[in-house]
Structure formats: structure tokens, C-alpha cells
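Next comes just one chain, in C-alpha cells: the form predicted alone.
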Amino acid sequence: MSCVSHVSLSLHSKRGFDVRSFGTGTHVKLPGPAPDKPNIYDFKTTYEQMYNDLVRKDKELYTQNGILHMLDRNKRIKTRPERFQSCKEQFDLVITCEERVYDQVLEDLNSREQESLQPVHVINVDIQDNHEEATLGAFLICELCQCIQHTDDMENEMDELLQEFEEKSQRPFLHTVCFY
């Protein structure tokens, strides 16, 4: 799972999937007191440090908008955010939630030297960046992953499966196969 600033870890790990979550931006950006005043952190900053910083800045605001809850949940899953471009592990499937992130993931994967020729399916499901859409999107992505997991031949069934999900969800899906 990849997003720009790596702030939303998904429900997938609770559903039995081996999930890693990444950001693709140069920094982690969390909503601030105004749309033009985000809180910006380096990827080396721990969730605990972000949490404490926001409590110090305005505990009421960041409690009300759900950011402290999200950081509390994230810090129980892992210490700090990770940047996709810094990870050299190979995955079978990468899911993004914004077209710009999808493009960044493709750019990174296509710039790597191909070594194993292992395919990786990169899928984008556009999800608006708010709590309600993120929750609905998480369930949609989880259902998609369950269907992919139960295919007999992921390589040959993926296009048909994605078409079914597009019709069902009324959302466009982007899909590309890259190789490691």
C-alpha cells in the first residue's frame, strides 16, 4: 500500500494479508491548522515523535480531526513511516490510492535495473483523502486482495477481476505490470 505522505496504514494486516505501507513523497505531510499549513516531517521521524509534536502544538485540534488517533494506531504497527523508493524488497502487488502516487511508483519501478524479472502488479484505486473515504477504500481494497488471493492464475485473471471491481465500485482502476 503506498500513499504520498504515508499516513494511512490499512486494515489489511487484520485480514490475514502480509502488508507493508509506504509513502512516496519526499516528506511525511500531516494536516495542519489550515490547508496551506501542513505539518511536515522527515521519514526518519517516528510516529511517537510526530504524536508528541502535535499534542504540544494543539492537542484538541489533532484529536478532533483524528490525526492523533491515526498516529497512535500507526505507532503500534511500526516505529516510523517508510518511503517506497528506499525499499528494495520485491512485492507481488502494490496498491496505490492516488494517481500521482501510482505514477511515482511506476517511475521508481521502471528506473530500477531488472534483475529477477519477477512481475509486480501495480494497481491504483483513487480514494479521496478523508477518513470516511479511506475507510470505504480500505474495505474495497481488502475485498480486491481477497479476490486476487483466490484466483487460480493472477497473471491471466487480473484484467477481468479489475473490470468487475470497477463496475461494482463505480471507480476507475489503473493497472500496470512491472518487473523486478
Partner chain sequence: MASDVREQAHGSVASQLHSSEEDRAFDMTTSEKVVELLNQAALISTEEKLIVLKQVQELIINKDPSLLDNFLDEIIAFQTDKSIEVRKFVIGFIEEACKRDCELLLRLIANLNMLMRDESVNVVKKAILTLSQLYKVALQWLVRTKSVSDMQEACWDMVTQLKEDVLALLDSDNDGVRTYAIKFTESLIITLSPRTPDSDTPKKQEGDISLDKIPKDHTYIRYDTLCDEGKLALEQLLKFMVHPAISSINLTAALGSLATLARQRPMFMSEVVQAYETLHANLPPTLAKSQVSSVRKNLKLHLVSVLKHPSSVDFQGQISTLLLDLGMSQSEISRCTPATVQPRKRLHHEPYVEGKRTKMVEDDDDKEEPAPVVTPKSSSTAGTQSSIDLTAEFLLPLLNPENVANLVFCFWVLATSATISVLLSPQLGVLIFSQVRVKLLARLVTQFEGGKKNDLLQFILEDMRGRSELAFSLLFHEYNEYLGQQPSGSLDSYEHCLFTLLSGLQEKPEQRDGLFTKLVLEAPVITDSALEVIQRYCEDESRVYLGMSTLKELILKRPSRQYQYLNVLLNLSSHEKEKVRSTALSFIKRMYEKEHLKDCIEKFALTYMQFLVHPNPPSLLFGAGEDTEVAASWTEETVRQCLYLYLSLLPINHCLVHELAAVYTEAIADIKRSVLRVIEQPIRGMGMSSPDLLLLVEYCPKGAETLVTRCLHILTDKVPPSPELVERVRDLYHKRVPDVRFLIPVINGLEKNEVIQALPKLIKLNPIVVKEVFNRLLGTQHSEGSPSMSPLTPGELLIALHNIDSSKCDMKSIIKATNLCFGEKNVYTSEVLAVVMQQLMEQTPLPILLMRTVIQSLTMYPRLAGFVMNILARLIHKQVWKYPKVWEGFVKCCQRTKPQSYNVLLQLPPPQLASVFERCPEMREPLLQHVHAFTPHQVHSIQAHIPASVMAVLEANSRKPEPEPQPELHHPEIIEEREVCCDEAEVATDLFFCFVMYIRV
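As the structure is a prediction and not an experimental result, all values here were calculated from the model. Residue numbers count along the first chain shown, from 1.
Beyond the structure shown, there is the form predicted together with its partner chain, which is absent from this document and is the topic of what follows.
Trainee: Quick one: is Q64 in contact with its partner chain in the predicted complex, heavy atoms, 4.5 Å cut-off?
Mentor: Contact check for Q64: no, nothing within 4.5 Å of its partner chain in the predicted complex.
Trainee: Check whether S116 has any heavy atom within 4.5 Å of a heavy atom of its partner chain in the predicted complex, and answer yes or no.
Mentor: Output for S116 is yes: heavy atoms within 4.5 Å of its partner chain.
Trainee: Quick one: does L106 come within 4.5 Å of its partner chain in the predicted complex, counting heavy atoms only?
Mentor: Judged by the heavy-atom cut-off of 4.5 Å, L106 is in contact with its partner chain in the predicted complex.
Trainee: Give a yes/no on whether E155 approaches its partner chain to within 4.5 Å in the predicted complex, heavy atoms considered.
Mentor: So E155 counts as contacting its partner chain.
Trainee: Is every one of V19, F84 and F91 in contact with its partner chain in the predicted complex, taking contact as a heavy atom within 4.5 Å?
Mentor: Looking in the predicted complex, the three residues V19, F84 and F91 all stay beyond 4.5 Å of its partner chain (heavy atoms).
Trainee: Quick check for you: of 36 to 44, 108 to 116, 141 to 149, 53 to 61, which stretch puts a non-hydrogen atom within 4.5 Å of its partner chain in the predicted complex?
Mentor: It is the stretch 108 to 116.
Trainee: Quick one: which residues from 165 to 180 get a non-hydrogen atom within 4.5 Å of its partner chain in the predicted complex?
Mentor: Read in sequence order, the residues that approach its partner chain (within 4.5 Å, in the predicted complex) are E166, P172, F173, L174, H175, T176, V177, F179.
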